[in-house]
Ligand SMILES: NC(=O)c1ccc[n+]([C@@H]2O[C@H](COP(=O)([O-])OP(=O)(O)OC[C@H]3O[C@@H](n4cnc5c(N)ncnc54)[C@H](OP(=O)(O)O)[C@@H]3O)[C@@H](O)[C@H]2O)c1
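Just one chain is shown here, as structure tokens, and it is the form predicted alone.
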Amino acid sequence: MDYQMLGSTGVTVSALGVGGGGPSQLGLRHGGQEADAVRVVRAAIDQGVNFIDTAEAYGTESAVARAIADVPRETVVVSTKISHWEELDEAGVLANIDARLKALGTDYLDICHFHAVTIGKYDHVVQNLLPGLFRAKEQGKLRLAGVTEMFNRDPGHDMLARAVRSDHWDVIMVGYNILNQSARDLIFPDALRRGIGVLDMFAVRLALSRVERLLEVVSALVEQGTITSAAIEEAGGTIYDPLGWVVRESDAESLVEAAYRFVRHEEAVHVTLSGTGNLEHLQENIGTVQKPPLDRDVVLRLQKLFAGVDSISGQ
């Protein structure tokens, strides 16, 4: 497994992180048993993945707790989120931190985020709730304070664009993928400049794993005038097969693999999150993130094709 520093936090993280949310929620969302979810997390840890992400709202903290219970605590980076923060105050944030610690069976959190913050609530979070995270850090219950965006509702990153211009946050979670690369210009320069740790969610969305959804998304972008049929053809595709050339002209075995590698080798991204309840899928993703970057020409053509897109998440 490849590792790097999480921004300037001093925390070393694996290139791949196990995500406890998303459409799978470690398999629990589709009727899987918690014991199976525990096996997935443990299999990841056994293969060198040290970053585990979950949240109050996911229902996977218990599985994570069981998976990390018998490994040295300092060998894993545990990230969770306060999901139901809107009615809290500073004292409520501290109480929620204690609840997250209990749920995860640990005496400290490496990272705690405010979950899915929108631009309209950002000032409230900073002024009234963030002091609770700072207090938790002072008490030794928390190492790093983070914030995550609601990418489906904020594909242009309005909230995070404010967050990365401040000194409030140690870590952020951003949506960034082949189809919406706007974070490269709007978020990553400030994050790099301030040494903020960057976790990437949504590297693979439905439009990058299902051909029919990709055709719908690309057709909508063309109809909006965001990209053109001529630009698709110049890149190497057609309106009926807009990204087939990525696999044909690279060493990627699938568009999903290409999508993970595209994100994993972005300079500002420290952890690429992948959620699954399937051991075989996990193994594929671990192998994928250890592959080299895509061919430079392929990356440049993808960057040019989707340069103007900031209105979709790819879901």
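Please read all numbers here as calculations on a predicted model, not as lab measurements. Counting begins at 1, following the sequence as shown.
The same protein also has a form predicted together with the named molecule, omitted here; what follows describes it.
Can any non-hydrogen atom of F262 be found within 4.5 angstroms of the named molecule in the predicted bound form? No, F262 sits far enough from the named molecule in the predicted bound form that none of its heavy atoms falls within 4.5 Å.
Does the named molecule get within 4.5 angstroms of any non-hydrogen atom of E61 in the predicted bound form? No, E61 is distant from the partner.
Applying a 4.5 Å heavy atom distance criterion, does H115 contact the named molecule in the predicted bound form? Within the cut-off, so yes.
Any of the heavy atoms of E149 lying within 4.5 Å of the named molecule in the predicted bound form? Output for E149 is yes: heavy atoms within 4.5 Å of the named molecule.
Among 269-277, 242-250, 63-71, 41-49, which stretch has residues with heavy atoms no more than 4.5 Å from the named molecule in the predicted bound form? Result of the contact check: 269-277.
Interface residue in the predicted bound form among S209, S219, S229, Q139, criterion: non-hydrogen atom within 4.5 angstroms of the named molecule: Looking at S209, S219, S229, Q139 one by one, just S209 meets the 4.5 Å heavy-atom criterion.
Only one of L179, I82, I187, M173 gets a heavy atom within 4.5 Å of the named molecule in the predicted bound form. Which one? So the residue touching the named molecule in the predicted bound form, by this definition, is M173.
Residues of 278-294 having any heavy atom within 4.5 Å of the named molecule in the predicted bound form, listed in sequence order: Those in contact are N278, H281, E284, N285.
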